[in-house]
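Consider the single chain below, provided in structure tokens and representing the form predicted on its own.
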């Protein structure tokens, strides 16, 4: 360990590892963007990365000089990233230029406190932590973005392009609005407008029903004293200990016997069963964090318990209500198992059930991907737009007073 804690060892090692990470990232990105066969060269990326890391010890000029040299070596075919025959010079320049740029920027940040000679424990650990942080950002971003990118790019292709090369995720922008033909066909030929509307109002009704039961229930657990209160509070989330697939058959039989299967009413009844427990759990923690003295003052002023909840507790709980509503809406919007099990009539399909119906050899693959994009984008926009309310609501009840 003491040997590693020297600038001339730490910098090349971290530089080599960082260059390999960037080489993998840029190769994947360039392959998706251009359709050309880019791939990382493990040995060369480690060698040239070590050189960039070592150069970083001698200042910015040496670092950028090494980066330019690595970019030039890549273009001539001996850089950290390889490409197949026929790759255009522009793609090579962009790919290797981006690789050298991001490797140099990362190395400069990671090795900011490194120097030639022995490093303190703090300096060494700081460099390692910065490398791991950068790697974590890239890794988890890739996990999220790559499937979404593939989904979007596939939805913009036609059948001939997919048959020619299913792994080519580049698009021809000269097609203009023709790129969106799969989305238009979904709306006109597959009834996806109806699926969207059904999912929307089912999710809204689920939110309203859930709040109608969860607010008084959570308030009772947080504020009132009654026999079995502790047991009830601890057993709120017990339903999540039983996998939904275990309950699927009993629910199917019960709904078939009562005539609720294949009805929107049945879906609206069963969805809150899965959301009320989590809403109760979230709201009771928030209600406990509200100062009880404010409610007691309202009671002393002559307000009934219900008016105290309506005029005092709920206005103070708006962040929590917003976060619970958003979370419940997302659960209902994305629910698949119950919808798949209980709905057979296409006119009553929710969005997830409609997407499942596209998973057929008779339906072009781009239509399935377009349906997945339609299901993902609205809830993503909603979450990003209201994320600050959700964060505030989830953390506001963590500190009492």
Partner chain sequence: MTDAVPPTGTGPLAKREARLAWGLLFPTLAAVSLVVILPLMAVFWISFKPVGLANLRPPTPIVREDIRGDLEAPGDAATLRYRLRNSSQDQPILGVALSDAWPEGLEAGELDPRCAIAEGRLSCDFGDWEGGAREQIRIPVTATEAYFAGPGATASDPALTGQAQNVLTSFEFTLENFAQVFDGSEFWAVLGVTLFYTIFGTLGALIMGLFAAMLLNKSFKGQGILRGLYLFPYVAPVIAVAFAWILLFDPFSGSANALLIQMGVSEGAINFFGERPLALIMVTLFEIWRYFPLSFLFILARMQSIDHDMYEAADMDGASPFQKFWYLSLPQLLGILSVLFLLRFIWTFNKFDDIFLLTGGNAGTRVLTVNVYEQAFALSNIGAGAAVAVVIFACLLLFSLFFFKVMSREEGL
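These numbers come from a predicted model, not from an experiment. We call the rigid core whatever largest set of C-alpha positions still superposes within 1.5 Å between the two forms. Numbering follows the first chain given and starts at 1.
Another form exists, predicted in complex with the partner chain; not displayed. Remarks below refer to it.
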Given that the partner is absent here, does residue 246 sit within 4.5 Å of the partner chain in the predicted bound form, heavy atoms only?
-> yes
So in the predicted bound form, does any heavy atom of residue 88 sit within 4.5 Å of the partner chain?
-> no
Residue 51, heavy atom within 4.5 angstroms of the partner chain in the predicted bound form | no
With the partner left out of view, is residue 65 within 4.5 angstroms of the partner chain in the predicted bound form by any non-hydrogen atom?
-> no
Answer key, the partner chain contact in the predicted bound form at 4.5 Å (heavy atoms) among 372, 44, 57, 33: the residue is 372
With the partner chain left out of view, which of 187, 270, 73, 105 would have a heavy atom within 4.5 Å of it in the predicted bound form?
-> 270
Contact at 302, 310 and 322 by the partner chain in the predicted bound form, all three, heavy atom at most 4.5 Å | no
Can you check 179-187, 285-293, 323-331, 96-104 and let me know which stretch has heavy atoms within 4.5 Å of the partner chain in the predicted bound form?
-> 323-331
Contacts from 37-53 to the partner chain in the predicted bound form (any heavy atom within 4.5 Å), listed N to C, are 37, 38, 39, 40
Superposing on the rigid core, does the Cα of residue 219 end up 2 Å or more away between this form and the one not shown?
-> yes
Aligning on the rigid core, do we see the C-alpha of residue 310 shift 2 angstroms or more between this form and the one not shown?
-> yes
Against the rigid core, is the Cα displacement of residue 296 between this form and the one not shown at least 2 Å?
-> yes
